[in-house]
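Consider the single chain below, provided in structure tokens and representing the form predicted on its own.
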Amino acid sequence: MKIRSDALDRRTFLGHSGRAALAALAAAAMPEARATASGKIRLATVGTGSRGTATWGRTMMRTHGEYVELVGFCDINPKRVAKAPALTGVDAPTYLADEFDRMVKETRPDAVIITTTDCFHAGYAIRAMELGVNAICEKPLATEAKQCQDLLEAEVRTGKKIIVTFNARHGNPDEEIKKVLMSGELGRIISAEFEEYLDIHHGADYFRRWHGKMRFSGSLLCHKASHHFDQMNWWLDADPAEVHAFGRVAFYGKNHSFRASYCRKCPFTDRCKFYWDITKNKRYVQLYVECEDADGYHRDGCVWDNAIDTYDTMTVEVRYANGVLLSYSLNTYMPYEGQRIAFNGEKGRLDVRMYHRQPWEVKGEADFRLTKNFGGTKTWTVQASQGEHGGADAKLRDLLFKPGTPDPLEKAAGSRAGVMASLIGVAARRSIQTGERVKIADLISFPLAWRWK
């Protein structure tokens, strides 16, 4: 499909794809825009797992129920979707995956919230727009380059909008980083560093789930790292141009002497330090254990499964269009959880340390150190807010649904943000597989043109 190119620079595109999408939802909620009794934004959900029934279900209705109305649920698993009304506290109709079109037509939502397995995100977003509604999509927006191409073309073709729920932009420390960079104290940014540490609890959990299979997640370079790539794109206000990466399955998967199909059927529970008893989590039992005979998915899969091909050890180099060089790493079997982030500018360096799940550290704090080349050093601490993901989810919901919520840091993320984050992951995966450097501009033909330097 050939689409007319418009001369939009990056900032114009960001404003168009981010704020315009939010404006579209806000307009849809107004009584004069839709003949609804409540005047609320009507939302339908596809994917009724943990994220879909909690963050975008029960929690959303508790905190933002005066602004939104859930009108339908859809899932591939008939047992799980049948539980959605009880788990969310919303008496709305339920539909199977092959009834998605019927759900949209019957429930008439303003937007569809997509919280399915990653590889299906793009397809549902495209179909929602084709059916005349906006798409609110969990990260990653896409797991393949062609999906990115199809998403951008569908948005232009239908006139509908995509919002990507990059909640990692909304944490207090993340906002603080953006403010420091915008202040100009570091001058021109020359390079950046981002180290992500996932501990043996959080990190291992990705390999118990479908995320450990690349065909579903596109690898953690698309799933988990899309948060970090988007943050860096946002912090730097720049587009990635070229990617080079290395990655291995070095810890999980085949790197063990014994394995089983899933934890509850494992004969090595007394020997495996990664044994996890899902039956102790009542909600997970409802969502997954009681529904697994319908689709065969075991939420407590073995982290030593030979079929695991998602990298657990990754390093990525990114060259941005403005010349900034990024060094990124992600390791998923650490004794502690957290991040180390740094920016090197012509006037100095910003260091940020965020550690979690350490008994000797205060969970949710970030330590900042700003050092000038010809000046002193100042340090300060930023405390996370209360709530999911350090309060980030609540602030994201405010921006999406609460009228009049300001956005001075431009945290609203549209299709471009989603595509650019996904394309770094796709390019990194391709670089690992081929050993070559990958140019972002070679992956797809963007329907809206901007200059690459």
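Numbering starts at 1 and follows the sequence shown. The model shown is predicted, which means the values in this text are computed figures rather than measured ones.
There is also a form predicted in complex with a small molecule; it is not shown, and the following applies to it.
Note on contacts: among 425, 57, 390, 47, the single residue with a heavy atom within 4.5 Å of the small molecule in the predicted complex is 47.
With the partner omitted from this view, the residue of 124, 274, 262, 355 that lies near the small molecule in the predicted complex is 124 [heavy atom within 4.5 Å]. Although the partner is absent here, residue 213 sits far enough away that none of its heavy atoms falls within 4.5 Å of the small molecule in the predicted complex. In the predicted complex, none of the heavy atoms of residue 110 sits within 4.5 Å of a heavy atom of the small molecule. Interface residue remark: residue 138 is counted as part of the site for the small molecule in the predicted complex, having a heavy atom within 4.5 Å. Shown alone here, residue 249 lies farther than 4.5 Å from the small molecule in the predicted complex, counting heavy atoms only. Residues 116, 223 and 288 are all found to lie within 4.5 Å of the small molecule in the predicted complex, as judged by heavy atom distances. Picking from 128-136, 312-320, 327-335, 68-76 the stretch near the small molecule in the predicted complex, with a 4.5 Å limit on heavy atoms, gives 68-76.
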